[in-house]
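Okay, so here's just one chain, in structure tokens, the form predicted on its own.
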Amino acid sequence: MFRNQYDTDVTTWSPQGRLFQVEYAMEAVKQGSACVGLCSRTHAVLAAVNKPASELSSYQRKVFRVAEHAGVALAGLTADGRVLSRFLRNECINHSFVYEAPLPISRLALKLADKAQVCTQRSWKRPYGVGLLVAGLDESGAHLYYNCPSGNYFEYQAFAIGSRSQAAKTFLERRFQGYKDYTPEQLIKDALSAIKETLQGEKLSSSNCTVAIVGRKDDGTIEPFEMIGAARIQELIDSMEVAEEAPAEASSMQEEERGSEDAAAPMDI
């Protein structure tokens, strides 16, 4: 992308029918650190890469709780994401106060989309340079939405945003059809595997990723949106690595056995 005469104002259309300021905001999402979301019938999981700006700094939080039954993960400008997560938190509190019931996730995503859309229609504003994965639980089950800076929003079974997210999407596309019946632990493991795809050779550990989960237990009680502890994440990563190494060791042992049998075969006389 480059500067041209049609990108000085968010309300100026190009001859091709494009709003360049909105497209620039969507490009900011692609430059952010990767985030992944998955959901089954009863649970939703969010995962994000912890990417510090430099070796001397700490990382910015990418996963936020907005209510007991909902949370968001963001990619793009973190400051914009904090403002929008605070807006969602206030909407959940107001709805709960007035109606004495949690705000449905579809309504939450709609309110966020409406707020983002206003910024594409006012010349004195700029679009929010952040994309959000909104995950939560309501009466109809677990849901996952992606909210775009353009004001569009879509519901997904599984999705990934941020830098190098295409590798995570490819992984999720191969497996998403079974997610409806997944257990919480299986969802978390697949979220970690998708995050691993975005790291490009960097070792996955509990220090460079954040995972959160919300859902409903078998007895009908709600598991509040919460961050999973680093120790638990590391246990799951270790178990995944052991599971990956086991088939490789078995295949190598079979090859060695075949080689020894071939070597011991008697010669025809």
Partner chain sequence: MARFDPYENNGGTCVAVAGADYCVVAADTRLSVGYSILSRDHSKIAQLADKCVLASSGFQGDIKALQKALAAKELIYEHNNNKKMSCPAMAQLLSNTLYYKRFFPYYTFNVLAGLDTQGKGCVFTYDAVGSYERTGYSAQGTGSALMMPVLDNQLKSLVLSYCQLRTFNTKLLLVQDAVTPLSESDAVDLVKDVFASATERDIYTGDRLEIVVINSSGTHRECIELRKD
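Residue numbers count along the first chain shown, from 1. Worth saying up front: this structure is predicted, and the values here are computed from it rather than measured.
Keep in mind the form predicted in complex with its partner chain is missing from the figure; the text below concerns it.
Colleague: Just one of Ile213, Val63, Val49, Val66 has a heavy atom within 4.5 angstroms of its partner chain in the model of the complex, so which one?
Modeller: By the 4.5 Å heavy-atom cutoff, the listed residue in contact is Val66.
Colleague: To verify the annotation, which of these, Lys111, Arg89, Lys189, Arg164, has a non-hydrogen atom within 4.5 Å of its partner chain in the model of the complex?
Modeller: Result of the distance check: Arg89.
Colleague: If we define contact as a non-hydrogen atom of the residue within 4.5 angstroms of the partner, is Phe97 a contact of its partner chain in the model of the complex?
Modeller: Yes, Phe97 sits close enough to its partner chain in the model of the complex that at least one of its heavy atoms falls within 4.5 Å.
Colleague: Is Ile93 close to its partner chain in the model of the complex, meaning a heavy atom pair under 4.5 Å apart or at it?
Modeller: So Ile93 counts as contacting its partner chain.
Colleague: Just one stretch in 179-187, 148-156, 120-128, 97-105 has heavy atoms within 4.5 Å of its partner chain in the model of the complex, so which one is it?
Modeller: Of the stretches listed, the one contacting the partner is 97-105.
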